[in-house]
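A single chain comes next, written as structure tokens; it is the form predicted alone.
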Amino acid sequence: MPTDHARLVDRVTTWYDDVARDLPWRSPDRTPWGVLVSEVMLQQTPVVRVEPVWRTWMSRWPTPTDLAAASTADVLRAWDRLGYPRRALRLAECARTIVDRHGGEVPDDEAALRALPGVGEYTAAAVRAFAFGRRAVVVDTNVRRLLARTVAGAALPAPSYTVAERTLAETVAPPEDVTAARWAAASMELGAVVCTARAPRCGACPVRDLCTWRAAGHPPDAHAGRRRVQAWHGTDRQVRGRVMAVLRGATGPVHRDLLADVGKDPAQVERCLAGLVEDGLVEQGADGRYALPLAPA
């Protein structure tokens, strides 16, 4: 029998009201800018790593105007070890765009949000829902997994976001702003802490009796053979991260010889340095030494 969408929404939002994690970007005094910063930081990064960096960041740059004036070096140092540091550059660029086009205030219009640097479909929807309480179809990996199991009866969603998933998410999302915003937050929370990918806690799930996947006997992942397992050790990404860590901790430009230990393969280190320079994350001076850029990001 198809899942009752209204019951699903009611159960999940009621559960959320009782057990939602106390996160700073959810507090009553949150700002749209704080929500936007949190969403960018949370991309492919767990909450436990984001929260302390977010607090430091918001204490230093509580508004887009504050961040817009920051140097690239300061932005990258504050980004610390969150990974994918190009996100930090896009966030700084986003701040300057908000100042230039919107008077320093984060817009609530979806088209205006999606026109900001680094803001795509998901981030725009999340800001509309979590910052402004507007109806938006917010679908991250946690929501995809929750809907795949409860409604579609699948262990995990397909590797890539499909049109069918988008249509389902749009159908399940309530029509009213307040309820839809609560559902967006609640469905993400349930997927993140209960309906997890590897070890779902079905016994603690508020909608276990509505779950199509559970009713079918927890069939295995039909897409297991198509999923890529991301390596880490020895990859360019790891080496790039090590280079950035050295430069963040340096008090001045760093000679190439001091970066020799970031990777075992000298050619890989050179390739990563060249890529970081091309991405605007690192500058190479006339003397050949490397440093974080000082100009605005």
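From 1 onward, residues are counted along the sequence shown. Values in this document were obtained by computation on a predicted structure and should not be read as measured data.
Beyond the structure shown, there is the form predicted together with the DNA, which is absent from this document and is the topic of what follows.
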Have a look at 164 to 172, 67 to 75, 99 to 107, 118 to 126 and name the one stretch with heavy atoms inside 4.5 Å of the DNA in the predicted complex. 118 to 126
Spell out, yes or no, whether the shortest heavy atom distance between His218 and the DNA in the predicted complex is within 4.5 Å. no
Considering non-hydrogen atoms and a 4.5 Å limit, does the DNA approach Arg49 in the predicted complex? yes
Is Arg182 a contact residue for the DNA in the predicted complex, using a 4.5 Å heavy atom cut-off? no
Hey, in the predicted complex, is Glu270 touching the DNA, heavy atoms inside 4.5 Å? no
Sole residue of Ala148, Ala186, Cys205, Leu82 within 4.5 Å of the DNA in the predicted complex, by heavy atom: Leu82
Just one of Arg135, His223, Arg86, Arg214 has a heavy atom within 4.5 angstroms of the DNA in the predicted complex, so which one? Arg86
Scan 200 to 219 and note down the residues that get a heavy atom within 4.5 Å of the DNA in the predicted complex; none is a fine answer too. none
